[in-house]
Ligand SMILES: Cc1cc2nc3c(=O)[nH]c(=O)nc-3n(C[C@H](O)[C@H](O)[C@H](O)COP(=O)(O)OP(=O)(O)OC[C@H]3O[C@@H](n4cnc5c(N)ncnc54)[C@H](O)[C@@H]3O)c2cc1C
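Shown next as structure tokens: one chain only, the form predicted on its own.
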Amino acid sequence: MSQTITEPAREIDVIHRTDVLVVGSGPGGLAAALAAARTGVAVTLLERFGCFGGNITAVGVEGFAWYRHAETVEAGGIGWEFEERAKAMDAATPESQSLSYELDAEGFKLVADQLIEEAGIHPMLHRMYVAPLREGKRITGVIVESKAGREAILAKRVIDATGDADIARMMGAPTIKTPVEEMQAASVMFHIAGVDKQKFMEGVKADPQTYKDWSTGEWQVETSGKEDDMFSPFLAKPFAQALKDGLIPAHLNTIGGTWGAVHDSGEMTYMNLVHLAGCDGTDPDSMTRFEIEGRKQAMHAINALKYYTPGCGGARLRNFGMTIGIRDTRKLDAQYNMTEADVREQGRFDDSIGIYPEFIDGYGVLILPTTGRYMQIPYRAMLPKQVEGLLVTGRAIGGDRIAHAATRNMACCAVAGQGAGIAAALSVKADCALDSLAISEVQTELKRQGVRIA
């Protein structure tokens, strides 16, 4: 029998007012805040951790655009700016499998700080969103918790960039949560040091891996065929051998994946080797269990690399990401939900707020954008039902499974975020509802900010 308590009623101080409040500062939220500020309204960016950047910085997913090849078509805009600014600030490294740059997880904290400061955004770190404020169906702000206690922030428009549609759900908007047994696996990201780069790269050249090698052991990956013979920085053989020799416990048969870059200093970054099925990113008990399990598996992976991978004999852990990486939880049931056909067949929309190349990665599908094909992202996929004053951006925009396997990726989150930020800002300026905004005005401002929408 469950037990409950009644919390005493209390007055909460309103500590801040703003035009646009963005909750969550991952690629979607950061892009939204920057875009809104550049459209000319007061913007506040709220983040529960001590840095901005979300998946890039807090989780350590450095491969922002690892899908990019010679024929890849990009939206430009703020996502492209993330890479260019990181390169200019010595916070980027050429990525091993694409024509892109890894964004250094630590260095990008400084990149984000500088972008936010330049845009005049009011930064609020170390505050956790806990509940919405409302007048009927309209959201009017949020309640936060921190070392300062419980506080209120008021806003004319709110952008939910929590990744899990937390605000939309609490406001009563319809959302769809993937069943836990069907969710994409979570990952604990890590970086290692002590690698002999020359020996490691000689080993890679002696036994190059391709994307068809992803279909091995526990995984079967559907491609379009064109990916099969392309180089991939894939590691599976060391872990298979470690399992055979008893160095890794027999039940840990999902260790394997990709590395990002090897540095002259001996660091090897963006080790995406730990895949944790059954982790529910909306359940703190589940996340606790899998954070701990993921770190254990990472150490098993490093041990296998030391024994079975050229150049890794002296490898050691450098660091973990600050938090577990979640790919899939809850999505908005939006005014339009993107479909598998949209992302596979170059969906086109009158309310496009940006484009994204034909890149699908998830649910056993891997398609890389090597032929110039791309889709458009519709504004309606960020508009909740039954709620006013709120947009949802980032990986929680409306869509089915395979659509999510495309739109969840960080560069697409930045595209959606920029559109959301501009729409929220223009809605404030025109004093009109988000669902009655003239999309042509949004598209005009997107183009002014350097975004390709068609």
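The structure displayed is predicted, hence computed values, not measured ones. Residue numbers run from 1 along the displayed sequence.
Keep in mind that the form predicted in complex with this ligand is missing from the display, and what follows is about it.
Colleague: Evaluate Gly26 for contact with this ligand in the predicted bound form, applying a 4.5 angstroms cut-off between non-hydrogen atoms, and reply yes or no.
Modeller: Yes, Gly26 is a contact residue.
Colleague: In the predicted bound form, is there a heavy atom of this ligand that lies within 4.5 Å of any heavy atom of Gly63, even though the partner is absent here?
Modeller: Gly63: contacts this ligand in the predicted bound form.
Colleague: Decide whether Phe239 counts as a contact residue for this ligand in the predicted bound form under a heavy atom distance cut-off of 4.5 Å.
Modeller: It does not: once this ligand is placed as it appears in the predicted bound form, Phe239 has no heavy atom within 4.5 Å of it.
Colleague: Does this ligand come within 4.5 Å of any heavy atom of Arg38 in the predicted bound form?
Modeller: Arg38: no, not in contact with this ligand in the predicted bound form.
Colleague: Looking at Met410, Ala403, Val428, Leu390, which has any heavy atom no more than 4.5 Å from this ligand in the predicted bound form?
Modeller: The option sitting close enough to the partner is Met410.
Colleague: Let me know the one among Ala381, Val343, Leu115, Met189 whose heavy atoms come within 4.5 Å of this ligand in the predicted bound form, would you?
Modeller: Of the listed residues, the single hit is Met189.
Colleague: Just one of 283-291, 299-307, 326-334, 245-253 has heavy atoms within 4.5 Å of this ligand in the predicted bound form; which?
Modeller: Within 4.5 Å of the partner lies stretch 326-334.
Colleague: Can you confirm whether Phe349, Ile353 and Asp435, the three residues that make up this candidate site, all sit within 4.5 Å of this ligand in the predicted bound form, judged by heavy atoms?
Modeller: Per the other structure, none of Phe349, Ile353 and Asp435 touch this ligand.
Colleague: So which residues in 153-186, when you check this ligand in the predicted bound form, have a heavy atom no farther than 4.5 Å from it?
Modeller: Read in sequence order, the residues that approach this ligand (within 4.5 Å, in the predicted bound form) are Ala161, Thr162, Gly163, Asp166.
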